[in-house]
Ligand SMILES: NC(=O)c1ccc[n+]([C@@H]2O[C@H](COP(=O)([O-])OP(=O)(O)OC[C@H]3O[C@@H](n4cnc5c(N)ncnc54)[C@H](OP(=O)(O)O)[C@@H]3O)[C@@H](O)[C@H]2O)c1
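Read the single chain below, which is given as C-alpha cells and is the form predicted on its own.
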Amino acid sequence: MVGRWQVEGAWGVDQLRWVEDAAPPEPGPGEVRLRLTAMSLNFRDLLMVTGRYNPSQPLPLVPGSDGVGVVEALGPGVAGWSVGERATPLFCVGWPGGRLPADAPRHALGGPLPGLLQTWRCLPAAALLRPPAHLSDAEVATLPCAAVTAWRALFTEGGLRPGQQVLVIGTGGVSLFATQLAVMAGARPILVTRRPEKAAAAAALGAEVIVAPSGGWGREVRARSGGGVDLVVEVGGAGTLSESLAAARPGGTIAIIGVLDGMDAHLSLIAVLMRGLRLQGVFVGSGEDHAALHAALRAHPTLRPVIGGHHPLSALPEALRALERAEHLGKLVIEAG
C-alpha cells in the first residue's frame, strides 16, 4: 500500500477512504520527508474521524497524530538530519517549547493538519526528534501524544516529587504512561478502573488498583491516600471530574486531559474554593516535553510502553472500531509493513 487514509465527504469511520499516491511528495524548504513505519491510535483520532472533536474541520482529512519513520529526503536548507535516520514528529509541530502558544491547536497533526496515517509525510525538520534507540518502531509510535501528555501533566505542570501520590483514571494510554512515569519518579500511583479484568495488569505496573464500577470512588481514594492525592491525571472529563475533586488533597492539582466520559461538566466551585484546588488543562506537550520524556526513557530503559494490539495500515477502520470497544490494555499500534 502506497498512499493515505482520509475522511471524505462526511464524518464517520465508514467514510475513511484509501487514496493511492503515484509518487512520494517532495519536501519543501526546511522540510524532511519521512516514510512512516509505525503509528499509534489515540481516542482523539476516533473523535476526529467521527466529527465529535471538531465538526467544522474541513474535509478531506488524513487522521493520526503519532508515528515514527525513516528520513527519505531532505528539503533545501535542512541541516542536522541524514537520509536513513529514524525520526518521530512532535504532536504539535508549532510548539517547540515554552508556554502553550495561543494558536497551538492549529498546529496539531491529524487535525487540523494532515496526519500520519499514510505512507509519507513531509514535515518541518525542526518538528522532528531522534527517538530512544532501544525502543522499537511500535513503541516509539506510542509516545508523541499519550506519553508526552502524561509527562507534562506529572512534571511540567504537576511538579511531581518522590513520595507524592497520584490518582490515575482507567487503563488507556495516558493513564498507563502516567502510572509508569510516576513509579519511575518515586511517587505512588493509585489507579481506578471499572474493568476488573484489567486490574492485575495495571497492578503489575506498580499501581495500587481500586476497582469501582460505579461512582463514589473519590472518597475511597481520599481515605486510602490518607487525606487525598497530590495530583489527579483526569482523563474522564465530565463523568469523573466530581470524583477527582473529592479524591484530591487540599491544595492538590487536577490535570484535566481527556473527555472520555463527556465534555460538559457540572462543577462545584465550593469544593474548589474551600479546598484550594488547582485545575490545570493539559494540551499534550511541547517539543521540550517530548525531548525530556525521551531522555527519561533512555535513562530508564526498562520502562517500556504497553501495547495492546497491532494492526496493519490496511485495517485502519477495524483498528478504530477496536479502539472504541476499549477491550485492549494500553496502545493500539498501526504498522505500515
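These numbers were taken from a predicted model, which means no experiment stands behind them. Heads up: residue numbers just count along the shown sequence, starting at 1.
There is another form of this protein, the form predicted in complex with the named molecule, and it is not shown here; the text below is about that form.
Contact with the named molecule in the predicted complex, judged as any non-hydrogen atom within 4.5 angstroms, is confined among 267-275, 299-307, 28-36, 281-289 to 281-289. This chain is displayed alone, yet in the predicted complex one of Q180, S225, T253, T240 has a heavy atom within 4.5 Å of the named molecule; that residue is T240. Residue-level contacts in the predicted complex: of R86, R188, R195, R219, one residue has a heavy atom within 4.5 Å of the named molecule, and it is R195. Judged against the named molecule in the predicted complex with a 4.5 angstroms heavy atom cut-off, the residues R17, L117 and A336 are out of contact without exception. Using a 4.5 angstroms limit between non-hydrogen atoms, H294 is distant from the named molecule in the predicted complex.
Contact check for L47: a heavy atom falls within 4.5 Å of the named molecule in the predicted complex. The named molecule is not shown here, but in the predicted complex it comes within 4.5 Å of a heavy atom of H328. Residue contact with the named molecule in the predicted complex: L316 places no heavy atom within 4.5 Å of it.
Looking at 6-45, the residues that come within 4.5 Å of the named molecule in the predicted complex, counting any heavy atom, are N42, F43, R44.
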